[in-house]
Structures are given as structure tokens and as C-alpha cells.
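One chain is shown next in C-alpha cells, namely the form predicted alone.
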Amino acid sequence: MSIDPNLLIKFSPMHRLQWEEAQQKYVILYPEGLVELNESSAEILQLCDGSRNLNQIVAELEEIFSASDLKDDINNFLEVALKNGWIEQL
């Protein structure tokens, strides 16, 4: 599976992204368990609300972090997220 840069990206309704105070990090909760996220992964997934495509997510994160050339890293993470069912494309 690969990310279509033209389609909107939405976090899966079968999963829940939430802050875990005890662990001081974001996690993905789903019926079979949980996945602990690093800060950058959580930042990416928080933008997957169904209103942005890959290029819009990249542009927003590059602006937030005053960085450039993030597209490959973000795309690679989103492909993993898509394969794991954490996100879907609309």
C-alpha cells in the first residue's frame, strides 16, 4: 500500500489516538492493544483528520517545525500507518 498524495487522510475510527499521562506520550488504542508513539509520529497523526492530503500535512509540519525536506519521512511513516490500519484515505 502506498499513500496517494491527492487523497485526504483520516485517522481510523477503529483506533483512538490519546495522550497517556502515566507514560507521558501519545498512544494508539485499539481492541487488540496499544502502540506507543514518539513525538513526531503523534504530530503527524494529529493532522490526519480527513481535511488534509499528504502535501498539506507536509506543508503544515514544515511550517510548525521550521524545517524542510520532511516529505519522504512523513510519507514513509504514513505508509506504515496505512498498512497497520491506523489511517485511511478518502
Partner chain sequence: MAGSNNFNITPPRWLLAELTYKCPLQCPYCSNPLDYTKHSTEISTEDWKRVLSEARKMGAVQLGFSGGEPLTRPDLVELVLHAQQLGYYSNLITSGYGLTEEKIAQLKHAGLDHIQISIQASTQELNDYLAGTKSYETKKQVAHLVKNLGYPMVLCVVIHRENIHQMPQILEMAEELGADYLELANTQYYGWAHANRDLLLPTKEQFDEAESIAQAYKEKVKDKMKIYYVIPDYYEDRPKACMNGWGTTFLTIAPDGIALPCHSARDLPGLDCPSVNKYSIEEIWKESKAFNFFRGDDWMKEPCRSCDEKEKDFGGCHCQAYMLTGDMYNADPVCSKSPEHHVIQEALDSAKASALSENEKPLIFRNSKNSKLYVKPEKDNLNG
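Since this is a predicted model, take the numbers as computed values, not measurements. Positions refer to the first chain, counted from 1.
There is another form of this protein, the form predicted in complex with the partner chain, and it is not shown here; the text below is about that form.
Taking the partner from the other structure, the partner chain in the model of the complex has a heavy atom within 4.5 Å of a heavy atom of M14. Taking non-hydrogen atoms only, M1 approaches the partner chain to within 4.5 angstroms in the model of the complex. Contact check for G33: a heavy atom falls within 4.5 Å of the partner chain in the model of the complex. In the model of the complex, no heavy atom of Q89 sits within 4.5 Å of the partner chain. Annotation: in the model of the complex, residues N6, S40 and E43 none come within 4.5 Å of the partner chain through any heavy atom.
Residues of 18 to 33 placing a heavy atom within 4.5 Å of the partner chain in the model of the complex, in sequence order: Q18, E20, A22, Q23, L29, Y30, P31, E32, G33.
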